[in-house]
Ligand SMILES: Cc1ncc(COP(=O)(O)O)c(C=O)c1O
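In the block that follows, a single chain appears as structure tokens, in the form predicted alone.
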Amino acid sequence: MDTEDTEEFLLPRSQLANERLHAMIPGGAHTYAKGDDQYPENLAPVISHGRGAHVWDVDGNRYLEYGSGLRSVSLGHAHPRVIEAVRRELDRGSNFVRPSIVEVEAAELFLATVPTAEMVKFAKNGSDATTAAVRLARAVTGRPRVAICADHPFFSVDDWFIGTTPMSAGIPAATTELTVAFPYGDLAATEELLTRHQGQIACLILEPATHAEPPPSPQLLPQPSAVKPPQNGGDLTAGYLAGLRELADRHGCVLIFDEMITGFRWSEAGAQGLYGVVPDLSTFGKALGNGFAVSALAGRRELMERGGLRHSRDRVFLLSTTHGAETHSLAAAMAVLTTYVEEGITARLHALGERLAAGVRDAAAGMGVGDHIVVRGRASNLVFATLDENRQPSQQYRTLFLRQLLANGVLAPSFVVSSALSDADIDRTIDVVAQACAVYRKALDAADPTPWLGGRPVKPAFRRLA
């Protein structure tokens, strides 16, 4: 492949559709990570439909898709078991003036799958769940401050988090000042933060793991009751997470695991099930509905019941959503949970990811760019970094790489796999990556990727100016 090959790849209908989107929808998408600024100029496909591991754009092109629905479609698009469950409930009504029996069944199945939690409440998106967890932590501790992990990119659309990002316009400084940050993997720094704000921090909220596993942390010894044996014979030590559990207990704050991504992809019981460290509260979403809108706040009964009726303390307005218990979304969640357990989906995601990661690394090394296209993360949740001549992260080289992948039928803002991928799909992806790496090598040799960009570079989602 050379520059000319990519120039011939055009998306005229997608371009028109993107203009229509921007005319009516701020940002042209309902999630900033899906914006056309995240893709090479004029090469942001607008999707017509999807099935399994493939999607089709409005121009008629078919792509192998990675990062499906921002990690929400882990079983593949239009999964038969999920669709059947949803259709069955749609014929029975989707929302009632009183709780549906489906709510009981979904809660029972969720808590059986994630046994470290004692109660659960469903919602429609992750931000509602994380914000409810923060509100609950503030209520039970009587403290105002929230400590977020500074190394994790996103927790909520609500003010307590967005005020800490470059897109903080419209959020009062008084709100932002109540949120402080701690570094992942550094217990000493976290203890210093807790000591500096002694008696003020209501909770520690973090993703239990991302592209790096929790490091071993011998500085602090976990309380025996806070750590349970890992599931599925896991060989990972609790390490840092156990130390964080001990710190939270000692300083009287609530430990919250944001399992929007790790939930089900790390193990059927989430990262907490894999690592054996039990948070006070945890939040789930994304993979839970395989594309249908459902999220969950789960945790210790003592805390969760504060948002209920069976206690004598001040009530907490926890989660109260008209559509939080739509029967078809809960049916989707139950189908997903059942499929994960019965078909060993988590293990399959890891196997597919390991095959892909090894192939991409070999292809990059074979083309002499192994130090510039770097695959990172757990096999079930792979991302990639694009580095320039000085091995620094580069949006220009990311643009080049994405452009080459798109032109050859691979839509991959990440390398996050779905279980619908076949070995042949993985092999095809590796072949396309190898071709992209050949162009990447040319750009490195020229010390200038500009001729291969086709326009402006892709942009970071969080930035102050448009």
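Residue positions are given as counts along the sequence shown, with the first one as 1. Treat the numbers as computed from the prediction; the structure is a model and nothing was measured.
Omitted here: the form predicted in complex with the ligand. The next part is about that form.
A.B. asks: If we take heavy atoms and a 4.5 Å cut-off, which stretch out of 252-260, 76-84, 192-200, 296-304 is in contact with the ligand in the model of the complex?
C.D. replies: Answer to the contact question: 252-260.
A.B. asks: Does every residue of S127, F154 and K286 put a non-hydrogen atom within 4.5 angstroms of the ligand in the model of the complex?
C.D. replies: Contact check passed for all of S127, F154 and K286.
A.B. asks: Is E213 one of the residues lying within 4.5 Å of the ligand in the model of the complex, judged by heavy atom distances?
C.D. replies: Output for E213 is no: heavy atoms all beyond 4.5 Å of the ligand.
A.B. asks: Quick one: is E207 in contact with the ligand in the model of the complex, heavy atoms, 4.5 Å cut-off?
C.D. replies: Yes, E207 is a contact residue.
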